[in-house]
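Presented below, as structure tokens, is a lone chain in the form predicted on its own.
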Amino acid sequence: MALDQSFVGRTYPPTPAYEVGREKIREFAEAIGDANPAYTDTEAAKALGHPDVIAPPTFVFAITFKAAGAVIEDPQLGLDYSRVVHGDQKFAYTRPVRAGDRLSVTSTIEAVKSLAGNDIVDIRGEVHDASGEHVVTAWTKLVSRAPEGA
């Protein structure tokens, strides 16, 4: 069943603040195999002009995808998450995510379409710090695969 086009433009309330910790950044950098010292060494990050360690660019996915849960779980949208695959991801940064940031995400549905029986939802996550300054925008494309034989 095709998703409702009237959801395009719907914005969900901002998430509670997520506090970015040094250890979470270190664990993430290790998990992706990125040994950049700016991710684990405060002095190395400061030498590059940052006030503290910074996160790898894809770190913010965990925060923005969790925020997209408001879209995914919206019963009125009717997205069948059991059939969803992650179609695409991109980021546009104003500045790097830093240890100590308190980030909140506001999710907006940018597009809803059907293609070959698949439902496709594009979600934009605007990430702001505690002072309201923009940090990064993340775009997530979710594809709900058509049922077998459809």
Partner chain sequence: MAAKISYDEVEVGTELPAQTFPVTRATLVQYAGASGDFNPIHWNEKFAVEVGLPDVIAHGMFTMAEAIRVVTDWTGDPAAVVEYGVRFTKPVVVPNDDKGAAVEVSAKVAAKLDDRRVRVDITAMSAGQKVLGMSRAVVELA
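Residue numbers count along the first chain shown, from 1. Everything numeric in this text was worked out from a predicted model, so none of it was measured.
Below, we turn to the form predicted together with the partner chain, even though it does not appear here.
Taking the partner from the other structure, the partner chain in the predicted bound form has a heavy atom within 4.5 Å of a heavy atom of residue 50.
The partner chain in the predicted bound form is approached by residue 38, whose closest heavy atom lies within 4.5 angstroms of it. For the chain shown alone, residue 27 is a contact residue for the partner chain in the predicted bound form, at least one non-hydrogen atom being within 4.5 angstroms. Using a 4.5 Å cutoff between non-hydrogen atoms, residue 34 counts as a contact of the partner chain in the predicted bound form. Proximity to the partner chain in the predicted bound form, defined as a heavy atom within 4.5 Å, holds among 87, 117, 69, 100 only for 87. Although the partner chain is not shown here, in the predicted bound form the stretch 117 to 131 places no heavy atom of any residue within 4.5 Å of it.
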